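Okay, so here's just one chain, in structure tokens, the form predicted on its own.
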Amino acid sequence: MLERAVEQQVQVGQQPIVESGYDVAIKQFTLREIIYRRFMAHPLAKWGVVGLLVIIVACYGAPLWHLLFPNFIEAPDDFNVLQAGVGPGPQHLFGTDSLNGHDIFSQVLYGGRLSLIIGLGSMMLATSLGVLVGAFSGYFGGVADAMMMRVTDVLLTVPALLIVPLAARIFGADNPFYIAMIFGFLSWQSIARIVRSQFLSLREMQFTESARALGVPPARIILRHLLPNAVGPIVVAFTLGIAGNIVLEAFISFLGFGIQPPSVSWGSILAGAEEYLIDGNWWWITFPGLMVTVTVLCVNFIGDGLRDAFDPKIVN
């Protein structure tokens, strides 16, 4: 019976401490500790964190690597026409392009900085808008809720692949700040619906009614009581949105509507390789594509781990 009771306590986030004989003390874990333990129990999530950190350090440390290893990592504007179309080797790990002889490995490192900035910046904007709209709509309800959700539903039906190229042409396709803003304005609707659904249930709970009875202002109830209880689904949507927008940036840059030379991103590298793939230059398109794939997988693994960590139905 004692062992069974201890096992049940472990499953709900409590650690048994056996002092002597049959005396058992239970160590209570905080919510933060429980979330951390659940996340670390997800093997793919841990590898996702490691992989994403390696990619971020490699990309944003590219200028430093260029100073330390100038023979292997070149500046983004360095080229050698005489070495154009060279395959992967000791000097050019990912080979060179067939146009000017740019080192593909260096291009991938420097291009990842813009791709990651666009993915992260767009979702920061999308999350801010989605939380604002969803919190207001879910807490107050009524006519405001109906109107805001109908506008959200209409925007959800707008195909991003048609709006993004048009907006990129209007506001500037070669500016990552504008591209991140465009992606952000097209990504907040799903987060708004998630936040609204959470607030619709949270606003009816006893702690919310007690706060209202005590005269707590609505803004304080939303920020201090409701929003912390809805942070789990928001974090998961945020991480998964980053992966989606990195892929979207690569796609529109591949179509010629995104980052343009002399700036470089993973998508623009893929766009430049399109015409030369038939000539046998497989490495020009393979390695940037692999970087996009690995980054998206790492972010998705992290999102899966966070989803399990924040899920209150999981007790182990």
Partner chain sequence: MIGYAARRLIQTIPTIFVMSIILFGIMQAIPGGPMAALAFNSHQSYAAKLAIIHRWGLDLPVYLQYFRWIGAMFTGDWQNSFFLNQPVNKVILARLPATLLLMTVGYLLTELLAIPAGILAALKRYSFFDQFVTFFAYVGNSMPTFWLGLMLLMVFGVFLQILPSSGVIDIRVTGAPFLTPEYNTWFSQNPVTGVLDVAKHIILPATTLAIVGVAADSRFVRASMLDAIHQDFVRTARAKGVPERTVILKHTLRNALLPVITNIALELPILFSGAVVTERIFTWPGMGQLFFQALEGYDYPLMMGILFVAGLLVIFFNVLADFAYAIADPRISYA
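Note that the structure is a prediction, hence the values are computed from the model and not measured. Numbering follows the first chain given and starts at 1.
Absent from the display: the form predicted in complex with the partner chain. The rest refers to it.
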Among 282-290, 65-73, 30-38, 49-57, the stretch whose residues bring a heavy atom within 4.5 Å of the partner chain in the predicted complex is 282-290
Which pick from 99, 146, 132, 161 sits with a heavy atom within 4.5 Å of the partner chain in the predicted complex?
161
Could you check which residue among 124, 93, 84, 166 gets a heavy atom within 4.5 Å of the partner chain in the predicted complex?
166
So, 254, 297 and 300: all three within 4.5 Å of the partner chain in the predicted complex by heavy atoms, or not?
yes
Since only the chain is shown here, I'm wondering whether residue 155 would be in contact with the partner chain in the predicted complex (any heavy atom pair within 4.5 Å).
yes
Contact of residue 250 with the partner chain in the predicted complex (heavy atom, 4.5 Å)
yes
Residue-level question: is residue 213 within 4.5 Å of the partner chain in the predicted complex, judged on heavy atoms?
no
Non-hydrogen atom contact residue 219 with the partner chain in the predicted complex at 4.5 angstroms:
no
Select from 111-150 the residues with a non-hydrogen atom within 4.5 Å of the partner chain in the predicted complex and write them out in sequence order.
none
